[in-house]
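In the form predicted on its own, a lone chain appears below as C-alpha cells.
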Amino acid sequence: MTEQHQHPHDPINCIIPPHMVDKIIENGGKDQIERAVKTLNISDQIRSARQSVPEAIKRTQAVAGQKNRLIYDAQNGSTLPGTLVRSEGDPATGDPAADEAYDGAGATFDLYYEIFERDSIDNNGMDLISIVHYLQGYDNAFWNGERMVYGDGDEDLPVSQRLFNRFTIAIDIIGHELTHGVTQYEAGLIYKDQPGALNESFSDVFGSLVKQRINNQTAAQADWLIGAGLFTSKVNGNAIRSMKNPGTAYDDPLLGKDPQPGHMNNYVQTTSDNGGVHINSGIPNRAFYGVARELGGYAWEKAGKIWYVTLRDKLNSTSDFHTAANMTFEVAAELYGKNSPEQLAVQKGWDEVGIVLNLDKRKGCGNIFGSFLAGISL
C-alpha cells in the first residue's frame, strides 16, 4: 500500500451525503435530529482518528481469484471488528445484515474478477472484510480504506419516525462502497471538487453494475437508481440518487429535494460536502448512463469496461470531468477502434451533459465534428 492509501486524513466514504443529514437536522423531529447529529459526529470522529486493523483480520488470502469474505458483528457497539460470524464458504447465518453483506461483497468481487479480471479490491486478493450492526441507530455505511462498516438504520425508532432501513439492504450500496477501495488503489481521486465527484460517480457506476449483473438486467431494463429500498415507506422517494435522471430520486418534506444536476449548466459551486462531491457526481453519472443506453445490451460489457480501464490506467488524483471525458473517449478507441460505435457513444454521452471532448486533440482519433468543436472546451 502506498503512502497515499495510508494517509490518516483520507476521508471515509459514506453512502448518505451530508446535505441529506443536514435536512434531517433542519426538518426532523427530536429523535431524528439527535440521530442525524450523532451520525455526523461519528463520521467526523472516524475521519480524524482512523482505527487500525487488528492483525487477526489483515489479509490472509494467497490464492489468486478466490474471494475471501469475513463478516463481523459489532453487536451495536463501536469496538471493531467485533465477533466473526461468517467466513468464506460458511452457510448463511440467518441474520439478514450479515448475509446481505456476504452476498453483496461476493457479487462485487465476481463483477471485478469475472468481467474486468481484477483480483479483489487491491487486485492482489485482498480479503473482503465487512462489519455489520455498527452502533445503534447509525444511519450510514462506509468504506474506511480497509473494510466495510454498516449501520442498521432506524429499526430502533418508532415506525412513524423511521427513514432508513438497514444499510445492507441494497446491493448497489455495497458495490458502491467497495468501489471506493478500487479507486483508492488505482486513480486515487482526491475527495474534493470534481475529482471527488468522479470518485463518487465511479462508485455509483460500478455499484449499479453489480446490481444489474446480479439481476441479469440490460441497460434498458435497469432502474439506474442507487440505494433503492434503503428508504422506508415514510419517505417520498425511490432511492438516494438516480443516474438516469439526476435530481429526481426523492422529493420529501423532511429530506428535501434531490439536489443533483445532470448537466454542466447546473453545476453546483459549493464549499459543503468537499465541494459537492455527492451532488455534482450526477453529471458523470448521467454521462455513463447515456453511453450504456446508446450501446445497449449489458452495461458492464462495453461501457463498464471503458470506465474501468479509464479508472485503472488513465486518471490520476486530480483528474476532472473534462479529463475523464477525454480519457474514456481515448480508451474506447483503444478497445474498440477509432470512430467505432463505442467511441461515438462515449462522445454522445458526455455531450449530453455539456462536456465537449477535445476531439481535434486526440491523437489518431480523426477530426469528428472538429471544425464545429474547435477551441471549445471546459
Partner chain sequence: MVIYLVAFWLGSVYNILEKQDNFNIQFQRTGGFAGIVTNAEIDSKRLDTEEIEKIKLLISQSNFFGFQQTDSLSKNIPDQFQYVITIKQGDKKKTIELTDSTVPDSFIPLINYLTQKSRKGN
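This is a predicted model, so every value here is computed, not measured. Residue numbers count along the first chain shown, from 1.
Unshown form predicted together with the partner chain; subsequent notes refer to it.
- Contact annotation: residue 157 falls within 4.5 Å of the partner chain in the predicted complex, judged by heavy atom distances.
- When contacts are judged by a 4.5 Å heavy atom cut-off, residue 238 does not count as touching the partner chain in the predicted complex.
- Put simply, residue 254 is close to the partner chain in the predicted complex: some heavy atom of it is within 4.5 Å.
- In the predicted complex, the partner chain sits within 4.5 Å of a heavy atom belonging to residue 226.
- Picking from 111 to 119, 297 to 305, 284 to 292, 176 to 184 the stretch near the partner chain in the predicted complex, with a 4.5 Å limit on heavy atoms, gives 176 to 184.
- Screening 190, 169, 126, 249 for any heavy atom within 4.5 Å of the partner chain in the predicted complex leaves a single hit, 190.
- 136 is the sole member of 136, 93, 232, 217 with a non-hydrogen atom lying within 4.5 angstroms of the partner chain in the predicted complex.
- Scanning 249 to 282 for heavy atoms within 4.5 Å of the partner chain in the predicted complex gives 250, 254, 255, 272, 273, 274, 278 in sequence order.
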